[in-house]
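Shown below, as structure tokens, is a lone chain in the form predicted on its own; questions about how it binds or moves come after it.
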Amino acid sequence: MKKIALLGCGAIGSQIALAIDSGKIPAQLTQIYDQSKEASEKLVSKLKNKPTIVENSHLLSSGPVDLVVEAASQQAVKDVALSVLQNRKDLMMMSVGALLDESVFEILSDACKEFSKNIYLPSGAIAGLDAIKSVKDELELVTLTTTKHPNSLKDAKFFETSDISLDKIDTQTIIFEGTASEAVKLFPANINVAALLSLVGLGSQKTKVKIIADPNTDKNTHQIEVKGKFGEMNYSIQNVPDSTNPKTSRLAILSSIETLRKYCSGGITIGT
């Protein structure tokens, strides 16, 4: 049975832990860490099989674990990911936006090769990544339009220098238009889907992103348009926000659970 360590005890991390504890993911959760000791203790109190709360994030990969799950932040990836690989552990990463920093991507990519370990990136809150990946060499256009309730966008770095007040928005309003690279930096907790599209497609500078705040929606909607020599793809995903964290789509949580279940189970694999 695979041994799993967890970095981050928020909405995603907690649901992963509960899925392991229930047996949905055939693994053993051995160690957890969160910057908030209270969050770690709260999660452990919900579990039948109690993992150890370690004193710092680097200790997660120092013990006998097979994979570390990052469900914390882009900064956590930059702080911890390399040491996980150096300790010869696999890594499942939720804060994919960190990889749009070219230096981070190159360092972790090289480390995967040097230490013969893998980084797993769940498809998160969108669909169609298999198809986009398969036509990568024939792509000419990739655009993402994301629509969320204003509450789902609160506290984003973008608003530190913007005159837009989310509390005053009373109709559908375009908040941002730019590249995926810009979007991921300005909305680090809201737009990891843009990072995933970039990594499988045209890259972060050529992937176009539009973010819309809509006070009349109760969904997180992602509309993706892809064009190229192969033809065209257009699809829309409407996600229910997680009940404990409106910044996170329920689909992102389910995707992470399925990725981890597949890692721990083996057997027949569907999709590229």
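Start at 1 with the first residue shown and count on from there. As the structure is a prediction and not an experimental result, all values here were calculated from the model.
Another form, the form predicted in complex with a small molecule, is not on view; read the next lines as being about it.
- Partner proximity in the model of the complex, defined as non-hydrogen atoms within 4.5 angstroms of the small molecule, places exactly one of 131-139, 91-99, 167-175, 108-116 at the interface: 91-99.
- In terms of contact with the small molecule in the model of the complex, the residue from 62, 36, 49, 52 that brings a heavy atom within 4.5 Å is 36.
- Among the residues 71, 85, 144, 184, the one placing a heavy atom within 4.5 Å of the small molecule in the model of the complex is 71.
- The small molecule is not drawn, but in the model of the complex it has no heavy atom within 4.5 Å of residue 201.
- In the model of the complex, at least one heavy atom of residue 196 sits within 4.5 Å of a heavy atom of the small molecule.
- Residue 252 belongs to the set of residues with a heavy atom inside 4.5 Å of the small molecule in the model of the complex.
- The closest heavy atom approach of residue 76 to the small molecule in the model of the complex falls within 4.5 Å.
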